[in-house]
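Shown below, as structure tokens, is a lone chain in the form predicted on its own; questions about how it binds or moves come after it.
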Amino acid sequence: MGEAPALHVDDLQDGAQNGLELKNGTCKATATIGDKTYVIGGADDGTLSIEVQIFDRNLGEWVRPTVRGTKPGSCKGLSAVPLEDKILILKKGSKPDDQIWFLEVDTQYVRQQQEYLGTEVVAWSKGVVGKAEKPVVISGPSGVGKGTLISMLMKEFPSMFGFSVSHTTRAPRGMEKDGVHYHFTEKSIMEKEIKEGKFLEFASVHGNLYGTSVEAVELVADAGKRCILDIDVQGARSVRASSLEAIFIFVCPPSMEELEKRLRDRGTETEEQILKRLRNAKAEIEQGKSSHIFDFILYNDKLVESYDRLKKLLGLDDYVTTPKSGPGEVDLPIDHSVSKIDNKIIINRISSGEKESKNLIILDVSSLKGGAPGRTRGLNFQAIGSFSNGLTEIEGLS
């Protein structure tokens, strides 16, 4: 709740408007979902700072929400298109990889944060063209050979897979580098981000926090790679409960006797450590088989055969390696109008000069995946050229 901002109630009577310029020199876009009108924008002084306010028609009051996610940077204007539980924001005058954003207003993440905080919440999520391959969560007891299987994948498909960099609150050791071995952070900061839902999984070990952030996994996808998460069963359980869509694989030994043999053959641990690992392994195997966390149980009896089965589970048994590229980009015209037909957003170039050879961009929002606190992926687009005879030609589909 709070005072009305520069935008007055009378300005909202005609419903959603895009790039609404007001008498007081501000430029705002509005979108109505349900009984709430969301006002996005700020002072139009050449670079538009993006702020969010809400007018609740039921209460007849302005509400200032708690804003989650990374707020978009300044721009030269914006358009807003209401969807079912979020608002599509098109920024004008920004770089192609920074033009499409989503303001979530009633998604699962937003509802969770509202329940936790007891206040109105909205959340920003950056829009990305194209889909990312599902991350792969691999778990299994110590000594089962999952590290060897992962190394074989990385060696055969170096451009396809990547690891997320975990966060920790402990201090760097030796030659460890921030952002390479770990993201080293303060405990208070990590605890705050955990509460904000920015971590897929985390654990406390000897007083220090370790965890996998949503952003770390997103960065792997941004590079055009498929993220591998090598985590324990409890971590896998947390990831399964999150919004991340992944493939979950539990690597299991052929028998406890074989696992004990492998642990002893390593010759790196004391008898006490071996017995502890065996106890932990028994509990992990029971959970892995019965918890319904995992999509597949992979028995690692003979390494080569197990690796072939792993590739088959990931659809790689007949795969021909090709270079992977990052997500595509839409370059929006600065001056444009926006309309919506079903799940298609029609962006029309506004030009006072000669007729443009490519006038329309059509955004397809029917297959969106992910969202705050990460990226919103699954956008597709078409660029359409218009001609004097009234015909249109589809230039391409990303």
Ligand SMILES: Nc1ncnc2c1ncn2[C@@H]1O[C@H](COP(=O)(O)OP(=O)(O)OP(=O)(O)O)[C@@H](O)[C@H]1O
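Every value quoted in this text rests on a predicted model; they were computed, and no experiment measured them. In this text, the rigid core denotes the largest set of C-alpha atoms whose superposition between the two forms falls within 1.5 Å. Note that residue numbering begins at 1 and tracks the sequence as displayed.
This next part talks about the form predicted in complex with this ligand, which is not shown.
At 4.5 Å between heavy atoms, only one of the stretches 84 to 92, 299 to 307, 114 to 122, 217 to 225 reaches this ligand in the model of the complex; which one is it? Careful reading of the contacts points to 299 to 307.
Just one of Pro172, Gly147, Pro96, Gly73 has a heavy atom within 4.5 Å of this ligand in the model of the complex. Which one? Exactly one listed residue reaches within 4.5 Å, namely Gly147.
Which pick from Arg277, Lys198, Arg240, Lys311 sits with a heavy atom within 4.5 Å of this ligand in the model of the complex? Flagged contact: Arg277.
Taking this ligand as it sits in the model of the complex, is Asp106 near enough to touch it, meaning that at least one heavy atom pair lies within 4.5 angstroms? It does not: once this ligand is placed as it appears in the model of the complex, Asp106 has no heavy atom within 4.5 Å of it.
Classify Glu260 as contacting or not contacting this ligand in the model of the complex by the rule of any non-hydrogen atom within 4.5 angstroms, answering yes or no. Flag for Glu260 set to no.
Taking heavy atoms only, is Ser142 within 4.5 angstroms of this ligand in the model of the complex? Although this ligand is absent here, Ser142 would touch it in the model of the complex, with heavy atoms inside 4.5 Å.
If you check in the model of the complex, is Lys177 within 4.5 Å of this ligand, heavy atoms only? Heavy-atom contact with this ligand at 4.5 Å: absent for Lys177.
Core superposition between the shown form and the other one, C-alpha change of Arg266 at least 2 Å: Yes, shifts by 2 Å or more.
Once both forms sit on the same rigid core, is the C-alpha displacement of His206 at or above 2 Å between the shown form and the other one? Yes, shifts by 2 Å or more.
Does Leu88 move its CA by 2 angstroms or more between the shown form and the other one when the core is aligned? The answer is no; the displacement is under 2 Å.
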